[in-house]
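In the block that follows, a single chain appears as structure tokens, in the form predicted on its own.
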Amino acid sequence: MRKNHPNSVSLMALTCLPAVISEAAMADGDPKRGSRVFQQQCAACHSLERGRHMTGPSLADVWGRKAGTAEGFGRYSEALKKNPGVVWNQPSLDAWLQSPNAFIRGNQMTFGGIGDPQARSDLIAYLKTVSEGREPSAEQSGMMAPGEMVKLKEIGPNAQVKAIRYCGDAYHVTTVAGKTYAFWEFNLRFKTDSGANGPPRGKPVLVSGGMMGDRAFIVFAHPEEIGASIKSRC
């Protein structure tokens, strides 16, 4: 029987060491810190409310879910839909968050990744906590609840749109409160939100879209309202 080289055990231990360190580091993730990472890196595109999808799918139950299978989300790339074997857990989320394109090539995620291992570990701990229904409260994290959006149904008359007039290269938007704002046509965007937080039917809402006050969105409950609301008149 062949004897092991005297250093073989040491070599094997060194080979396994990076994986052990990586797993230990990920296990030390802090959900409270992770909530801040979520706000900074994820909240613009993902909600934490079951069934409320944004640019990306809801992450409410991401832990243990197969990639590309969030119920009600229909904008997955073919690359994700063809990877049913990927289940979101600690190692897979760490690889995805480090570099989505390297982990599943050809996906449509425009996010470049999180290079800091500790930040990834904290975020993963937070997503696991959320999936288990143990999300840190806003008071605990010191921040507004991640993924929280303005409830457009509750917006007052100052932002409720009464009329939209198009003239030349400008839109003139009049609110229910009686104030009119003029926007260069390129700086006004029309959006829809049919979800629970969206505006009521027939009551679009004006939302600021920039720091300078020269850009804005008008959010409608349904696409068919957009054309019917705009009057071409100078």
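In this text the structure is predicted, and so the values were computed from the model without any measurement. Quick note: we count residues from 1 along the sequence shown, nothing fancier.
Another form exists, predicted together with a small molecule; not displayed. Remarks below refer to it.
Looking at L152, L80, A125, I164, which is the one with a non-hydrogen atom within 4.5 Å of the small molecule in the model of the complex? If I apply the 4.5 Å criterion carefully, the residue I get is L80.
From the list T55, S208, T180, S194, which entry has a heavy atom within 4.5 Å of the small molecule in the model of the complex? Selected residue: T55.
Pick from 185-193, 171-179, 198-206, 56-64: which stretch has non-hydrogen atoms within 4.5 Å of the small molecule in the model of the complex? In short, 56-64.
Though only this chain appears here, would N107 touch the small molecule in the model of the complex if you measure heavy atom gaps against 4.5 Å? N107 belongs to the contact set for the small molecule.
Hey, in the model of the complex, is G29 touching the small molecule, heavy atoms inside 4.5 Å? Close contact is absent here: in the model of the complex, G29 is far from the small molecule, nothing within 4.5 Å, heavy atoms only.
Quick one: does F103 come within 4.5 Å of the small molecule in the model of the complex, counting heavy atoms only? Flag for F103 set to no.
Please check if R134 has a heavy atom lying within 4.5 Å of any heavy atom of the small molecule in the model of the complex. The answer is no: R134 has no heavy atom within 4.5 Å of the small molecule.
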